[in-house]
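As structure tokens, one chain now follows by itself in the form predicted on its own.
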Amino acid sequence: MPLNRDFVGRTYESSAPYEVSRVKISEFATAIGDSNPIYHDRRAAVAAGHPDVVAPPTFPIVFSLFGTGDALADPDLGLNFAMVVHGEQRFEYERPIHAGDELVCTSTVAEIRSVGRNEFLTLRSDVSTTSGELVCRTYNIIVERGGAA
């Protein structure tokens, strides 16, 4: 069964700001096996020209899908989670994420398309500071296998 195309263009807001901390950045960097000192040590980050510890490029995955959870869980979308695989993830940066940032996400169902028997759902999340500065944009493609006939 195809996904509900009426969801394209729907926008979802994060319910609260995400507070980026040095500890969260360091834990994430450790989890992905990246020992770059600018992810773990404020002095190293400052010496490299940053105001504080820098988040690895894939860090927004930690919080960028919070807003889209409402869309994905809506039964009217028709998404069969048993058939879902992750298709693609990419990030476009305006500036690095630093410890101390308070970020909010506005997520949009950007596209739903059929490819063979699969349904591709593209989610775009604009990650901004609480003062409105765009920090990055994330794109997440979710694939529902065997969804379309």
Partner chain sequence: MAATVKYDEVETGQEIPAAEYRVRRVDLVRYAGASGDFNPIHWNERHAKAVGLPDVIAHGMYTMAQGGRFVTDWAGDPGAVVEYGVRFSSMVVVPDDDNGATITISGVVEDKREDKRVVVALTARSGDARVLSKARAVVQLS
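None of the values given here were measured: they were computed from a predicted structure. Numbering follows the first chain given and starts at 1.
Beyond what is shown, the protein has a form predicted in complex with the partner chain; the following relates to that form.
Participant: Suppose contact means a heavy atom within 4.5 Å; in the predicted complex, does that hold for all of 73, 109 and 117 with the partner chain?
Facilitator: Judged in the predicted complex, none of 73, 109 and 117 sits within 4.5 Å of the partner chain.
Participant: Please determine whether residue 124 contacts the partner chain in the predicted complex, using a 4.5 Å cut-off between heavy atoms.
Facilitator: Answer no; every heavy atom of residue 124 is more than 4.5 Å from the partner chain in the predicted complex.
Participant: At the 4.5 Å heavy atom threshold, is residue 40 in contact with the partner chain in the predicted complex?
Facilitator: Because no heavy atom of residue 40 falls inside 4.5 Å of the partner chain in the predicted complex, the answer is no.
Participant: Since only the chain is shown here, I'm wondering whether residue 145 would be in contact with the partner chain in the predicted complex (any heavy atom pair within 4.5 Å).
Facilitator: So residue 145 counts as contacting the partner chain.
Participant: Is residue 10 near the partner chain? Define near as a heavy atom within 4.5 Å, in the predicted complex.
Facilitator: No.
Participant: Using a 4.5 Å heavy atom cutoff, which residues in 23 to 49 contact the partner chain in the predicted complex? It's fine if the answer is none.
Facilitator: 24, 27, 28, 30, 31, 32, 33, 34, 36, 38, 39, 48, 49 sit within 4.5 Å of the partner.
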